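In structure tokens, the next block holds one chain alone, the form predicted alone.
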């Protein structure tokens, strides 16, 4: 076990709400399970899952200011959909406040809300784990996505991204362009393989 995990947990327990802390633990356990299934290093998956929401100790309204203060560039779309910014700011926090320098972990944290084209294995594991963890209960397709995550991770990423876009569009909510680019990339790859 990565001995730093216990220190990360102590810090997060102090900073996050109880529900957010429990979610972070559940995501880390789900990441580990997916890492076992897909042959990824368990300790890296656990750290990524645990720290993915480390910036959620701040309100969405604070992220634009905090990113500007630390030189983190934001697109205009991100500024209109501040709920996705915690991922980018969280990657910065993981590096600066938790001492994480592993680029795969930082990448996974940074893209866990929107995905990104050509995601690496840890990116996919965290993206899916955040969606399917045991405390989630709102998406209608959760039982199907939970099964799919362990049989075809790429298809799970595609279906989750498609479902996210459909949900946001149906509610006329702001959509970050990275989510659209992720979907278009995945859709194009999917069509090539059919």
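Residue numbers count along the first chain shown, from 1. Since the structure is predicted, the reported quantities are computational estimates derived from the model, not experimental observations.
This protein has a second form, the form predicted together with 2'-deoxyguanosine-5'-diphosphate, left out of what is shown; the following refers to that one.
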Task: Partner proximity in the predicted complex: residue 46 to 2'-deoxyguanosine-5'-diphosphate, non-hydrogen atom cutoff 4.5 Å - done: no
Task: Heavy atom of residue 168 within 4.5 Å of 2'-deoxyguanosine-5'-diphosphate in the predicted complex - done: yes
Task: Contact flag, residue 182 vs 2'-deoxyguanosine-5'-diphosphate in the predicted complex, heavy atom cut 4.5 Å - done: no
Open item on the list: Even though the partner isn't displayed, in the predicted complex is residue 175 close enough to 2'-deoxyguanosine-5'-diphosphate, meaning a heavy atom within 4.5 Å?
Closed with: yes
- [ ] Go through 83-91, 116-124, 68-76, 99-107 and give me the stretch that gets within 4.5 Å of 2'-deoxyguanosine-5'-diphosphate in the predicted complex, heavy atoms only.
- [x] 83-91
- [ ] Pull the contact list for 125-143: residues with a heavy atom within 4.5 Å of 2'-deoxyguanosine-5'-diphosphate in the predicted complex, in sequence order.
- [x] 130, 136
